[in-house]
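First comes one chain, alone, set out as structure tokens in the form predicted on its own.
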């Protein structure tokens, strides 16, 4: 992987951001499978743009993505782009200004490049394996701090009502050991916020590959760590729980949530 390829992907993602920023009041909102799960015409427009431009860049690559039938695709043995055109669609619909355009590039199932862009704040997070992570060109380094020195971002499972009680129980357990609790509504940005030290941890009970693939490389290249909620290593997989944190915060969180999630 070269710096030039990373720069080219970053520029494509920035251009996709202009599509999001140009959105009209009529977003043509449609419901998807699950509770409170929506898609807009801009999700599709951004994904089509990304697929077209990234195909020009790497014609041999395959795609896994959230919209337009790409969700059923598998990560190939060669180049695979893993994309989420608007991570935080509900935020986008409600003009909450906290949504990420996500592009990850895997080779033989291993993340090599990750890019997450919030066009509303003009914040571009990026990483290349072995070359560190950056926010708008400035290097990122995770401060290895405990939970009581930061806020914890917890996804309260809006799409999966059957997980909601567990999510709130985890939030309660964590709240007594951290500065405060947040739910910013974007998994990718939540993970990136650990990478740039805005949060000390991010917790989700169920994510898809495109929600975390790009951001996970940004986190680890900055010195952060992630596992599933049982503490297991997390390869790229279709559906999984996820905990992203500092090294100290990760073990603290696992110790706190284990009795809640696995009482027996």
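Please read these numbers as outputs of a predicted model, since none were measured by experiment. Numbering follows the first chain given and starts at 1.
Form predicted in complex with D-MYO-inositol-1-phosphate: not shown, discussed below.
Residue heavy atoms within 4.5 Å of D-MYO-inositol-1-phosphate in the model of the complex occur in exactly one stretch of 103 to 111, 80 to 88, 142 to 150, 121 to 129, and that stretch is 80 to 88.
Between D-MYO-inositol-1-phosphate and the residues 196, 207, 50, 201, the one pair within 4.5 Å by heavy atoms in the model of the complex involves 207. At a distance threshold of 4.5 angstroms between non-hydrogen atoms, residue 159 is in contact with D-MYO-inositol-1-phosphate in the model of the complex. In the model of the complex, D-MYO-inositol-1-phosphate lies farther than 4.5 Å from every heavy atom of residue 116. Although the partner is absent here, residue 221 lies well away from D-MYO-inositol-1-phosphate in the model of the complex, with no heavy atom inside 4.5 Å. Among residues of the shown chain, residue 133 is not one whose heavy atoms approach D-MYO-inositol-1-phosphate to within 4.5 Å in the model of the complex. Although D-MYO-inositol-1-phosphate is not shown here, in the model of the complex the stretch 161 to 195 places heavy atoms of 185, 186, 187 within 4.5 Å of it, in sequence order.
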